[in-house]
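Okay, here we've got a single chain as structure tokens, the form predicted alone, with questions on binding and movement later.
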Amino acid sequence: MKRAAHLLAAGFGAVVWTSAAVAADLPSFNHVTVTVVGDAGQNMEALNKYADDFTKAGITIKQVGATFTGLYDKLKTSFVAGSSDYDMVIFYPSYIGDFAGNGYLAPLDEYMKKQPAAIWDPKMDEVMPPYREIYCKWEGKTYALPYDGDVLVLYYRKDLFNNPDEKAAFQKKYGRELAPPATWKEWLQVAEFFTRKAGDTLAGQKLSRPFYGAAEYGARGFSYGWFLSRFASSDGIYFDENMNPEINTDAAVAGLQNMVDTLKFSPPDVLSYGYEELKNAFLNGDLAMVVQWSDVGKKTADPQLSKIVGKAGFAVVPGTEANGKVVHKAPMPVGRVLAVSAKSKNKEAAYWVAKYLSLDKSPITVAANWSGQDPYRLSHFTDTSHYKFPDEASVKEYVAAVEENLKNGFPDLNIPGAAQYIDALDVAVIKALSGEADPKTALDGVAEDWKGITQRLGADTQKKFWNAALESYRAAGLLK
């Protein structure tokens, strides 16, 4: 229980549950069809894995898939049309202000209190505060249950970092010990050091193909999350309390420049890298370091997916040094929550499916290589029996890294209009990475775009929502 005590001391909850404590009896529905929509692929695989349980409960699941980057448009179009096509929706929690604020989602509080508790209670008191307070609630009501606890993690090749020849060469070149980078300045140094051409030697072996020091998400859609790693660690925040954009400060520009500079030590096609490409580049052994979502750690240990089994290390995302102290902030881009459509004709059944996935099966799902889900409950950190790593030490290192990054988490914007604000930021990041605009020009453009979005949505209303969001960030322990 040492880790449980650590989590409690950190303010991450008051009750610790184990997976054995969340087994539930199955309810009995009368042959109901629950239509579920979400981004297709590994994040909906749990619906297939637990299909027999849903059948036993009298529920047939109908799946509707969307693309990773097209989910918002698909859901928004359906909601605005007043459609009852979907019963349960899986979505990125940055949209909760939009969806709940516009009445598209059913409040879940009444279902959560139903009896027997073993069937209906999702045990939200053991959900980590960032996910419970920020991602699942809107204006004091619960509109969603957690499903995926995304946070970015630093992955590195510990076999290369521990190689005596590489350690000696790094010490000679930079005058310090080779170690996972603590700062974004060190990140560039390590990335430069490990970048090699075909024919060069790496850890005593002659390379048959190029090897790169680092890579990041370069494709349109979620590159903004990797920029936020730099921005947030320099004490950046989206807006000030009067809703004035803070996205183009000098520190923000320096952070985006650091991201641009990383391209020199990345694969030449990195601007096309989405989740899959970035994941595979590291698992195939082409990179020394990568910042990626927390589910990638599980996949490093699967010999069917990974060529670096037992060679991956897990660490805190680099930070920014100020006044002799390094500040770390790990963005929490995307994530997923489960909600019930306000127009659903099967709300009770849809809620139970969400609760069953969010609680009862979650210890298995977040540890499985077939899923994209990541820890979000205290029990996911205290009971690690479902994880499959080569050794117990690797399990502990992985879980500890996810926990530490989460303690330093930086949430996605979640107020109404979040999709528009974040899309404008993502466009600017891509412009800077592609050379279409320098970092300052790109971020100045974001600030102007954000002002326009705020005015269109109503400045006074947005200011109220933003200040409420700030309070939720503080309540979750992510901001002072």
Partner chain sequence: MSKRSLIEIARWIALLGVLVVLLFPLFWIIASSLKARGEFFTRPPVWIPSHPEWSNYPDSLQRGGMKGLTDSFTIAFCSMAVSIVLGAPAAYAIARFQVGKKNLAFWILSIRMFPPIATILPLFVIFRFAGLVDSYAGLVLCYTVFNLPFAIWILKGFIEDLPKEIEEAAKVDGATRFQIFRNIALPLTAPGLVVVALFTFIFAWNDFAYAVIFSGSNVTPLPVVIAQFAGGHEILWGQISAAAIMAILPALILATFLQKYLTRGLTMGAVK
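Treat the numbers as computed from the prediction; the structure is a model and nothing was measured. Residue numbers count along the first chain shown, from 1.
Below, we refer to the form predicted together with the partner chain, which is not included among the displayed structures.
A.B. asks: Can you say which of 72-80, 251-259, 105-113, 376-384 gets within 4.5 Å of the partner chain in the model of the complex, counting heavy atoms only?
C.D. replies: Selected range: 72-80.
A.B. asks: Is the partner chain in the model of the complex near all of Thr142, Ser341 and Tyr356, within 4.5 Å of a heavy atom of each?
C.D. replies: No residue of the spot touches the partner chain in the model of the complex.
A.B. asks: Does Tyr275 make contact with the partner chain in the model of the complex, using a 4.5 Å heavy atom cut-off?
C.D. replies: Although the partner chain is absent here, Tyr275 would touch it in the model of the complex, with heavy atoms inside 4.5 Å.
A.B. asks: Taking the shortest heavy atom distance, is Asn414 within 4.5 Å of the partner chain in the model of the complex?
C.D. replies: No, Asn414 stays farther than 4.5 Å from the partner chain in the model of the complex.
A.B. asks: Using a 4.5 angstroms cut-off on non-hydrogen atoms, would Tyr50 count as touching the partner chain in the model of the complex?
C.D. replies: No, Tyr50 is distant from the partner.
A.B. asks: Does Ala57 reach the partner chain in the model of the complex if we count a contact as any heavy atom within 4.5 Å?
C.D. replies: Ala57: no contact with the partner chain in the model of the complex.
A.B. asks: Of Arg157, His328, Arg336, Lys137, which residue is found within 4.5 angstroms of the partner chain in the model of the complex when only non-hydrogen atoms are counted?
C.D. replies: Looking at Arg157, His328, Arg336, Lys137 one by one, just Arg336 meets the 4.5 Å heavy-atom criterion.
A.B. asks: Only one of Glu133, Asp360, Glu126, Asp295 comes within 4.5 Å of the partner chain in the model of the complex by heavy atoms, so just point that one out.
C.D. replies: Checked against the cut-off, the match is Asp295.
A.B. asks: Since the partner is left out here, which residues of 82-113 would have a heavy atom within 4.5 Å of the partner chain in the model of the complex?
C.D. replies: Heavy-atom contacts to the partner chain in the model of the complex: Gly82, Asp85, Tyr86.
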